[in-house]
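The chain below stands alone and is given as structure tokens, in the form predicted alone.
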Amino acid sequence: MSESLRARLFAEIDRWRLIDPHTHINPHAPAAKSLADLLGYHYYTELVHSAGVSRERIEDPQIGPEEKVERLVAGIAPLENTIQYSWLIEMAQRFFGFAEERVTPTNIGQLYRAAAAKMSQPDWSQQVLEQTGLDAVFLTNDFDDPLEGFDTSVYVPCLRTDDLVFHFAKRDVRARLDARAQRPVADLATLRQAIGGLFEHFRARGARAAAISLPPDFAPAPIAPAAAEAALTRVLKQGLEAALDDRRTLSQYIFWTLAEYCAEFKLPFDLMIGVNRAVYPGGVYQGQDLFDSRVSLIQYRELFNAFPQVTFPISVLASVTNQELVAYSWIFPNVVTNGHWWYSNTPNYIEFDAAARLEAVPQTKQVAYYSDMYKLEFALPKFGMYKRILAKILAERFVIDRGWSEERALGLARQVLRGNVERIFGYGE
């Protein structure tokens, strides 16, 4: 019964058109141009590097896309057990007619050519959206992005704020903000005006959220204006040579200001919590960051209490933090569980974490999944993975264990997969 039930639930869920609420898609080039754009995804480069292929061989700037693919495939066999490898096979089979179960040095040339023929079609991006069943994808836009030249109803802007909070001391970041504001930041008043201008610009072009990734030691707190003004003065004068305490004070002030503007502009503030940057400096590009277990959501209690009118969709990097996230979403009306991020985005962790959320968190407060993808093709295997797990949880824990009808279980699935995205982010308003 369980297997056939799971299959029926999955078949129905897989028919639905969805919205992807967090990606790194470039709206001017949303789909892959060659197989190198897919195999160059950091999941593959970091795993192949971990399995023994040198960074220099993977990131050699002198090679073209086909040779890069050949080099990666030459070292890909140890990855065959991973879920990431299954994503690759599913994309190859579904998009490019690949008939084999393994990608090898012997068949990669054929696959490369088949992919190139598809990807060269002028409407390839739209084909991928249709085949994947996506109505829209949320972007990750630099704060100075002009947000021009793309359909913002399909490629939905999102204000990414990491540079403002953690890299304001860098000269180029300040120059970008000055250019966007069309005046230099000279004091707290002009800093706040510049940040407010960013929100006006993004909101006018259909933005549905602001977002930031946060290290384990960050703890939001309000900063007194006098202390913030003094820190800003020194950072403007000294840049990266400013004292660490001044840079931290300014980071706190800017973060709190962003939350204030989220409240004013009625935008959710996506918090992705727990990433340690450059833990492994010898790793490949984007394969250097990790987490540790020092992070706790108790560090955000003051923020959640201070801004009850702001919705905070929370992603945690480690599955070990999921129970805490469930508890905070259980208690705080403005805390929402959001997806399965990065190192938690494998079936074992997803099933455990998603079941905990579905059993303990109000159904209106869960954003089930996002792809975090850089190219549109990855939505198909990533969402497919999640939907299979969701069907399993619903079949076993709700229909069989709790006696729910299949229709009721599917209603829950539709809410967490699509309905909550529309309501929480105001998509379609």
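In this text, residue numbers run from 1 along the sequence as written. Every value quoted in this text rests on a predicted model; they were computed, and no experiment measured them.
What follows is about the form predicted in complex with a further copy of the same chain, which we do not show.
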a further copy of the same chain contact at residue 143 in the predicted bound form, heavy atom, 4.5 Å: no
Should residue 50 be classed as touching a further copy of the same chain in the predicted bound form when contacts are defined as heavy atoms within 4.5 Å? yes
Taking a further copy of the same chain as it sits in the predicted bound form, is residue 311 near enough to touch it, meaning that at least one heavy atom pair lies within 4.5 angstroms? no
Does a further copy of the same chain get within 4.5 angstroms of any non-hydrogen atom of residue 361 in the predicted bound form? yes
Should the three residues 191, 201 and 230 be counted as contacting a further copy of the same chain in the predicted bound form, with contact defined as a heavy atom within 4.5 Å for each? no
Which residue among 248, 180, 167, 277 has a heavy atom within 4.5 angstroms of a further copy of the same chain in the predicted bound form? 277
Just one of 301, 94, 118, 205 has a heavy atom within 4.5 angstroms of a further copy of the same chain in the predicted bound form, so which one? 301
Heavy atoms within 4.5 Å of a further copy of the same chain in the predicted bound form: which of the stretches 375-383, 41-49, 22-30, 64-72 has them? 41-49
Scan 328-365 and write down, in order along the chain, each residue with a heavy atom lying within 4.5 Å of a further copy of the same chain in the predicted bound form. 328, 329, 330, 331, 332, 333, 342, 343, 344, 346, 347, 348, 349, 351, 352, 355, 356, 357, 358, 359, 360, 361, 362, 363, 364, 365
